[in-house]
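Presented below, as structure tokens, is a lone chain in the form predicted on its own.
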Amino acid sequence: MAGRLTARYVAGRLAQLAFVVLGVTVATFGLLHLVPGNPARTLLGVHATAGEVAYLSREWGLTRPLPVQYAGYVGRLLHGNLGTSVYYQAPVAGLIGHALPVTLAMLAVGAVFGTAFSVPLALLAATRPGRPADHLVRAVPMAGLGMPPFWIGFILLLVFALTLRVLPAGGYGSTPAAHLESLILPGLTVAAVTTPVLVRSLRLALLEVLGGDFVTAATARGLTRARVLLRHALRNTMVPAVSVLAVNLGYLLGGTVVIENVFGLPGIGRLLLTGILNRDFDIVQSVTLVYALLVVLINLGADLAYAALDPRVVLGR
């Protein structure tokens, strides 16, 4: 019965996902038509002839009715055709295929760092409420929350790359070890943004859980303090933690444009900026679509994690 309920829950979330993805395609399709005037004229510049503008408009299908254009756009997406970059003179799908793993790796490293910092700090604060350690844990991360990601990145570059010279200042390297090394500072930048909110959420959840009857009962059975905290208390705070982490990772997807350019990473954020600066509409439209789909998938993953961590979510309670 539980398996069928879980399958039904997953199927329901996937059905919702299909409608959201449809909306995302409508929004990204509309990007091209939000450009004032003729997009072909915008790309070619003010000195282009009427014949050149008309030719590019026909090539892009801009002379056809909007429903026909949208149907063609969706058809191309289903075949993996994201268009051709006028700047790189290469298929956009291939460019995104090379850039996307870099961005995902950076976010993954940031999530690992953020979790590694947040859990011990939240445990320290929640087990000493109102004491100096609690006030310190809440105050120090919040100071970092007020700084924008690019400023945090510059500080990390100044300290670890230019002063201590223990980590590379930029680039992505050419080997797996070099890739990982080049992701440390960007990952720390991501973690600096996610840690304050994650610590706050975990601390509040832990304070509520530690006052619960099941924690008192576990302690009365003679379980050690560490086992009560790690096996019982911390496990029951994972749902809000996953929620906060998912929201922050979705928010940080937009920040990858800045972070990747600070550290010279060849991710989709840098690709998007290149597309904007060079008025490469296919890149801008496709990368925006990828960003939106990543946010949708992150939230889907969070929903499924809720169901795995708390059966009451599956049962709709």
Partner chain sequence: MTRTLAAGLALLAVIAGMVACAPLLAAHNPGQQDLLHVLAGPSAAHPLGTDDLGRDIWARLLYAGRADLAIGFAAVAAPFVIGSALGLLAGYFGGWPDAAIMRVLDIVVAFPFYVLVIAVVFALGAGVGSIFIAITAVGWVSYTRIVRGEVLVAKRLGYVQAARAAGLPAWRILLRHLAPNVLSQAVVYAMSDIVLTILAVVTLGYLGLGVQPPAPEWGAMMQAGEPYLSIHPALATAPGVAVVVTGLALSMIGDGLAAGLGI
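Since this is a predicted model, take the numbers as computed values, not measurements. Only the largest set of C-alpha atoms that superpose within 1.5 Å between the two forms is called the rigid core. Residue numbers count along the first chain shown, from 1.
Although it is not shown, the form predicted together with the partner chain is what the next lines describe.
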For this session: From the candidate stretches 102 to 110, 175 to 183, 151 to 159, 122 to 130, select the single one in contact with the partner chain in the model of the complex, where contact means a heavy atom within 4.5 Å.
Result: 151 to 159
Exercise. Any chance all of 14, 76 and 94 sit within 4.5 Å of the partner chain in the model of the complex, going by non-hydrogen atoms?
Worked result: no
Exercise. Is residue 80 one of the residues lying within 4.5 Å of the partner chain in the model of the complex, judged by heavy atom distances?
Worked result: no
For this session: May I ask you to check whether residue 70 falls inside a 4.5 Å heavy atom distance of the partner chain in the model of the complex?
Result: no
For this session: Verify the contact flag for residue 258: yes if a non-hydrogen atom of it lies within 4.5 Å of a non-hydrogen atom of the partner chain in the model of the complex, no if not.
Result: yes
Problem set entry | Distance check, residue 66 to the partner chain in the model of the complex, heavy atom within 4.5 Å | no
For this session: Have a look at 136, 116, 147, 90 for me and say which one sits with a heavy atom within 4.5 Å of the partner chain in the model of the complex.
Result: 147
Problem set entry | in the model of the complex: members of 177 to 210 within 4.5 Å of the partner chain, any heavy atom | 200
Exercise. Comparing between this form and the one not shown on the rigid core: C-alpha of residue 12 shifted by 2 Å or more?
Worked result: yes
